[in-house]
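Here we start with a single chain on its own, the form predicted on its own, put down as structure tokens.
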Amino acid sequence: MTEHFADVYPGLTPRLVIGKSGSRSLSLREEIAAGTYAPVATGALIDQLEQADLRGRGGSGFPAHRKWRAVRDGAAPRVVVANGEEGEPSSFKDRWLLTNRPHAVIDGLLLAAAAVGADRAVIYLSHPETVSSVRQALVELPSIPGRVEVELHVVQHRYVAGEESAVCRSINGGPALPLAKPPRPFECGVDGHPTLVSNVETLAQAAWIARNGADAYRALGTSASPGTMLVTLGGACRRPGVYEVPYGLTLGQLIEDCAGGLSNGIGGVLAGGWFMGVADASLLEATWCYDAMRAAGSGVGCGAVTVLGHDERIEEVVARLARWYVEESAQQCGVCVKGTVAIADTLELFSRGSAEPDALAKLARWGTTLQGRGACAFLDGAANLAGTFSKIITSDRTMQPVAVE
């Protein structure tokens, strides 16, 4: 089930989740009626993104204007890519957007191409439902002289395929695997040209800003985390789904107001996708914004939140996630191969109740020493899992299950 926040917070008008949620793609006619593709000047768009403080929605939260400006200032020719390869298993918001509002993404991509001076635009994705929806939207798209043509690049789904250097490598005809950096795509990406790789929600948000302005964008959210965000609420909540929410509410409020509250108590939380690791029930008290979630030892990430039920053993959950990291590793960097295996093996012992006496110390150490290692940030996710689990187990605030009332 998918709803927008206007259903929950009366008086607030949704920005991305419009139309009949989850039923079908909005047609070109419906999108034009909503303002999509309306002519707009793009000369000052990057400045508007800076004023709005739009952050990337792919997981890193990197300021969008900095990436856009770096590509614009690079040597021609330039390339823009809408990254719709949603590798995070607990996230469905990009798939929802591409399936239900593909034109909103294409609109943002075309505006980005004009703003940075690109002569090539590519939509990069893998999931069959998004491929079908985007193909149909491209068929509907009228040809306008002087406007860049939009290409579709379909890749086999896997977690690391959405990493920006893997995106460029795949479009170049190679495997969808990360490359060592530098250079980064904004310096040398598709065909060696400066390339803007932007998450599809980021592009849809940018298109909204282009037509409504930075001040209107900042009217919702907080001063440091303005605007709205698509979040995926899943696990032990009553109405799992994708919701558009303003920053500034507590995580507990979002789960209660949007997803109907807890369905089976709470034994823990995975926020920001699996990448940010695991937290105890106290995270529900944290404000859903970049600074507060980081201060709480977690993060906003890609906006995916999974609630663990009170009857789920945290040791078994993290062991299962750690084994997934082993299976999804690109197997390109020795430190990643060895690090993910070591973390998974140790957490597996915890789940069986046979961990070595120094196991927690090892997990805590790996939580810091493995950060930033390898060609991409994949290992950081496994390290976060190890580090956050060790903190939960050793904390004075134990994970007491909360029973359903």
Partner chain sequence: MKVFLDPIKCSGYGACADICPSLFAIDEFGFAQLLSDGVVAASDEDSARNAAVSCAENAIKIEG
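Everything quoted here is computed from the prediction, not taken from an experiment. Residue numbers count along the first chain shown, from 1.
Not on display, but discussed next: the form predicted together with the partner chain.
Could you work out which of 37, 350, 366, 68 is the residue within 4.5 angstroms of the partner chain in the predicted complex, going by heavy atoms? Comparing distances to the partner chain in the predicted complex, the residue within 4.5 Å is 366.
Can you pick the one in 152, 335, 155, 220 that has a heavy atom within 4.5 Å of the partner chain in the predicted complex? Of the candidates 152, 335, 155, 220, 335 is the one lying within 4.5 Å of the partner chain in the predicted complex.
Any non-hydrogen atom of residue 284 within 4.5 angstroms of the partner chain in the predicted complex: Answer no; every heavy atom of residue 284 is more than 4.5 Å from the partner chain in the predicted complex.
Indicate whether residue 182 is a 4.5 Å heavy atom neighbour of the partner chain in the predicted complex. Yes, residue 182 sits close enough to the partner chain in the predicted complex that at least one of its heavy atoms falls within 4.5 Å.
Does any heavy atom of residue 374 come within 4.5 Å of a heavy atom of the partner chain in the predicted complex? Flag for residue 374 set to yes.
Residue-level question: is residue 342 within 4.5 Å of the partner chain in the predicted complex, judged on heavy atoms? Yes, contact at 4.5 Å.
Among 98 to 106, 172 to 180, 82 to 90, 309 to 317, which stretch has residues whose heavy atoms lie within 4.5 Å of the partner chain in the predicted complex? Of the options, only 172 to 180 has residues within 4.5 Å of the partner.
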